[in-house]
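Coming up is one lone chain in structure tokens, specifically the form predicted alone.
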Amino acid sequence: MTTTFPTQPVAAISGGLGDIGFAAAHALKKTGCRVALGDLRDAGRDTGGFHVHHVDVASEASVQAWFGAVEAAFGEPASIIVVNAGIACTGSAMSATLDDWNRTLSVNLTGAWLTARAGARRLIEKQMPGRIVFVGSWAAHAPHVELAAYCAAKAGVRMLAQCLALELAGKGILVNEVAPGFVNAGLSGQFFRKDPALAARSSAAVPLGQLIEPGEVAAAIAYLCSPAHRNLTGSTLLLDGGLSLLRGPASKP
């Protein structure tokens, strides 16, 4: 099974300076990709070897400028597009502010659409095949009382991925989603570090008994981007340690 690229394609990762995005950057670099990172932040990591560009995924102009900068830097469009940028505002549907709700959907859902569309349009224009991978969440199908806007946005991302997979199939562009469960990274990772008891309870709630590390999500992303498959599109790779299997009181044999 071939998992490395002989042609060194360009990979663009939104939210590339976050824990999962940066891990994905290293994973894709190992497969032979030239990697471009887009992020709202400008620093905080050693980005040697990666092209870095400031981008606000909620702004169509900013997203288009990023993909233009990537193509100018590498001489060709990104044919590997990882839609990873996201935020999480805690709050129930009853307590969330309108600003929090709108911002969450603007970044997580509208931003995902703008990013995928901008990248796909350049590939279609050049008649190039490609891969698009959305970093979703098990929260797309598992309600969370304190994450109403986030859950709604991720559910939208899943349907967006499926719609784009169908729409772009004839163009040779494969579209899939990786949906992690409890990841020891990003906002949840901050909570886990501040509250070890929460980390312990969360681990215990997972049938496999452990949190997911960013490198595991990155490996799943790299697989979905790889030339190892030609017919995998419109699928969700669920990486949640068995959380989605629970339908009643948790029990372990």
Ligand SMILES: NC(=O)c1ccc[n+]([C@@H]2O[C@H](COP(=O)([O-])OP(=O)(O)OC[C@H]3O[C@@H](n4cnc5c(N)ncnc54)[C@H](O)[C@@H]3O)[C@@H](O)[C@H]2O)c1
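Worth saying up front: this structure is predicted, and the values here are computed from it rather than measured. So that there is no doubt, residue numbering starts at 1 and follows the sequence shown.
Here the subject shifts to the form predicted together with the ligand, a form of this protein not shown in this document.
- Only one of Val55, Cys33, Val70, Ala222 comes within 4.5 Å of the ligand in the model of the complex through a heavy atom, and that residue is Val55.
- In plain terms, the part of the chain that comes close to the ligand in the model of the complex, with a heavy atom within 4.5 Å, is 55 to 63 out of 196 to 204, 55 to 63, 25 to 33, 223 to 231.
- Contact annotation for the candidate site: Gly119, Val133 and Lys171 all lie away from the ligand in the model of the complex (no heavy atom within 4.5 Å).
- Of the heavy atoms in Leu17, some are within 4.5 Å of the ligand in the model of the complex.
- Proximity of Gly186 to the ligand in the model of the complex: non-hydrogen atoms within 4.5 Å are present.
- For the chain shown alone, Ser137 is a contact residue for the ligand in the model of the complex, at least one non-hydrogen atom being within 4.5 angstroms.
- Among heavy atoms of Phe182, some come within 4.5 Å of the ligand in the model of the complex.
- Contacts with the ligand in the model of the complex, taken as any heavy atom within 4.5 Å, map within 139 to 164 to Tyr150, Lys154.
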